[in-house]
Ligand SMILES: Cc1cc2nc3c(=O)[nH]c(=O)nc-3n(C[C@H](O)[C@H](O)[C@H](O)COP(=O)(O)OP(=O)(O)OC[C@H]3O[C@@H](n4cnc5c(N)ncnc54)[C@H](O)[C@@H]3O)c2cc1C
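In structure tokens, one chain follows: the form predicted on its own.
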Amino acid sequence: MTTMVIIGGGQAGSQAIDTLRREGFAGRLVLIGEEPWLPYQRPPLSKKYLAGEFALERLPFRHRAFYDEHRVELRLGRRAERLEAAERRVTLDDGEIIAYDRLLLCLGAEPRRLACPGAQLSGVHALRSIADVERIRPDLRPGARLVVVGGGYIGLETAATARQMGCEVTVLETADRLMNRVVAPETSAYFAAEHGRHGISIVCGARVERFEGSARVDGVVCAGGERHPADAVIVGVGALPVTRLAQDAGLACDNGITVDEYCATSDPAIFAAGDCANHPSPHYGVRVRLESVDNAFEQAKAAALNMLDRRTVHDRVPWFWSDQFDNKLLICGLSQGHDRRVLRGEPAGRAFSVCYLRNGELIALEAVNHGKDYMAARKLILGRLRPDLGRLADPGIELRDL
């Protein structure tokens, strides 16, 4: 009997199981997950789940009955300690050895840690898992002083949630503007104003030097000596791909596990998908590692098909989103390498879009409270639209009509 093994209990692992069974795979299917929970959604963790508005029972993508019905052997709360590619077997932390014919690595990413003094103090948190939220939530009582280190998606989403829970919130960002790696200056300024309007203090150009406190954190000190009192700290300064298992097995890795357009690693029996995979983007002609629900979902589908020897290229225009207060930020495409930026609408109207072009071609768009532009852009970017710039800049012309 053919055995497929999936390591990783997130979006990618869950989707791969669904695809394999839907496509008729009837052999042995094993899912290994380091966390004790069934594969679950992560986006609510920094928002409604953190706020206590989203029940734990609603987080899993699928309930236990699905895995039972589809004859999936679950190894939850178990860690894959060793991968022996030549022997095609995986050893778990309890000593169990599982042989495979095809293996899919959905190892995800882990929070980047700060190496400064005091980083191990109680009350200094990262936010990536259910367990993280359970540790953080008791600290977010009304009136608590929360310092969020990092002005990216996770930091700002968490800051907004904590503010709505009654915390006094300060966001410290090293760069000169929020979300500087992923959005335009107009969008950064808009979200800085929105957070300020809700009473959050935004400090850009702030480099954290140390966390202070005896047993528990009580302050954050930045270069230059500025001190921010803190009853709790959440560090959201990016994530690193989890690659140790792959590297130790001799698989090629470079900012993630290196895969080809068919999601195959340097070992033809091993595939990778999701946040841990560094893959080629045929549409953009570059290699990328994407941390997004959409990429995990689509890449896992492609990987599962390729595990069944149904040659399928993973070539999607990626998209991302972030909810902060009553604002929705939607991003379609990759803006890296753009040579022109066009603004549609005005931030003062609380609904606008920023278009990115390269050599006249629309390559990406970010929409703030403007779902129509975002939906149109997904098709236009895929079709390699070269729009008239005057019409593109006119918010009175529907983007889809271009």
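Residues carry their position along the shown sequence, with the first being 1. Owing to the predicted nature of the structure, the values given are computational and were not obtained by experimental measurement.
There is also a form predicted together with this ligand; it is not shown, and the following applies to it.
- For the options L330, C167, M179, V242, the one in contact with this ligand in the predicted complex, meaning a heavy atom within 4.5 Å, is V242.
- Scanning L107, L103, L172, V220 against this ligand in the predicted complex with a 4.5 Å heavy atom cut-off leaves one residue, L107.
- Only one segment in the set 336-344, 367-375, 42-50, 64-72 has any non-hydrogen atom within 4.5 angstroms of this ligand in the predicted complex, and it is 42-50.
- Proximity of A273 to this ligand in the predicted complex: non-hydrogen atoms within 4.5 Å are present.
- Contact between A296 and this ligand in the predicted complex is found at the 4.5 Å heavy atom cutoff.
- This ligand in the predicted complex comes within 4.5 Å of no heavy atom belonging to A16.
- A residue is said to contact a partner when one of its heavy atoms sits within 4.5 Å of a partner heavy atom; Y153 meets this definition for this ligand in the predicted complex.
- Proximity to this ligand in the predicted complex holds for all of E35, R128 and F320, with the criterion being a heavy atom within 4.5 Å.
- In sequence order, I7, G8, G9, G10, Q11, A12, G13, I32, G33, E34, E35 are the residues of 6-40 having a heavy atom within 4.5 Å of this ligand in the predicted complex; the partner itself is omitted from this view.
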